[in-house]
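Shown next as structure tokens: one chain only, the form predicted alone.
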């Protein structure tokens, strides 16, 4: 009798295990199927944006989706949207569209232009896009264009400090505007370093790394950087410190340059910088984690604001191994999103009121959702991403693409569809729901424009 009882108990335990296992497998299968459906929805909506760009703005930098007219940043087209979106087309396996975009780029794009361009934006969007496009396709014409662009941008670094000027003329190499910021001086090494690796010419790596180091060297005694700096004198113009636009990707690249190139200087600079960010910028309000503003020299709180651009930080925290902080800050970002059913550009997190009401189709909260799902495999983040995507489609989809919002409260549209919506926002939405083999995360590092650069 005892033996039978033991046998029955054992059988019950075994059956319980198999039932639990079967239920888990069924749930996982259902979640995977829904994720595949979502990835196809994202691809369909991306094509809605891309096809309307092609219809109304082909050969130009961007589409203005409300007026259905093209827009060129500098009065002449540098094919911003095709270059920026090329690797998204490839990752989504949209072969015909990718081929057409690549042919346009390789036959029509020229940087021999007598125009002043913003070094930072051209580097992250065009240089980054050309390099990732080359690595994904092997088309050497893209690398040739990248090298030509890199050479034309090099004079930007010829300041007394090695910090780059804001604007450079692509034809003459003349520079202007010495008042820059840490993001624009320190977010160049992934692209210039990859160009060095692919061309065998160290000058690109050396110039961009010096700019990053010179930015770092000017941090305050408590370890913070300010909002604006004079690249000729190296003096800070604005002592406001934060993780928002103008500083954000400086911290991102300190860590990513260590991962992509194994540069120990970058690891040391990152490890020395992040404790100050957590000590002086992190803020606990209502038990929630936020990151605000502080004086770079004193650490005194100056603002309790956080915004759409700050929402990149959970991704960086997750990528650098700090999942507890990443989870908490992502919850705060999602609370900001849900305030009006779509995120405002800036909020005061103490009062939970928006202080800047625009929404520019920004990718950062989606990026962080993708990173957190990658590292935790917690289905919570796909559910979060689905909410964000549904709101994005509901409020920003228009007949001729996707439109930014002038006001997140009234949902008034804005005649703007920046190239990063196609390069980043849709790509991160897609990767969040797609099979992990859509892109091998462990073999690439995304630049700040979501262009994947190979780690090997």
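Computed from a predicted structure; not experimentally measured. Numbering follows the first chain given and starts at 1.
Although it is not shown, the form predicted together with a small molecule is what the next lines describe.
A.B. asks: So, in the predicted complex, is residue 249 in contact with the small molecule at a 4.5 angstroms heavy atom limit?
C.D. replies: Within the cut-off, so yes.
A.B. asks: Does any heavy atom of residue 362 come within 4.5 Å of a heavy atom of the small molecule in the predicted complex?
C.D. replies: Taking the distances in the predicted complex, the answer for residue 362 is yes, it comes within 4.5 Å of the small molecule.
A.B. asks: Is there any non-hydrogen atom of residue 424 lying within 4.5 Å of the small molecule in the predicted complex?
C.D. replies: Heavy-atom contact with the small molecule at 4.5 Å: present for residue 424.
A.B. asks: Verify the contact flag for residue 392: yes if a non-hydrogen atom of it lies within 4.5 Å of a non-hydrogen atom of the small molecule in the predicted complex, no if not.
C.D. replies: Because no heavy atom of residue 392 falls inside 4.5 Å of the small molecule in the predicted complex, the answer is no.
A.B. asks: Just one of 380 to 388, 362 to 370, 326 to 334, 126 to 134 has residues with a heavy atom within 4.5 Å of the small molecule in the predicted complex, so point it out.
C.D. replies: One stretch meets the cut-off, namely 362 to 370.
A.B. asks: Using a 4.5 Å cut on heavy atoms, which of 309, 260, 195, 168 is close to the small molecule in the predicted complex?
C.D. replies: By the 4.5 Å heavy-atom cutoff, the listed residue in contact is 309.
A.B. asks: Consider the chain as shown here, without its partner, and state which of 420, 46, 402, 430 has a heavy atom within 4.5 Å of the small molecule in the predicted complex.
C.D. replies: By the 4.5 Å criterion, the partner-contacting residue is 420.
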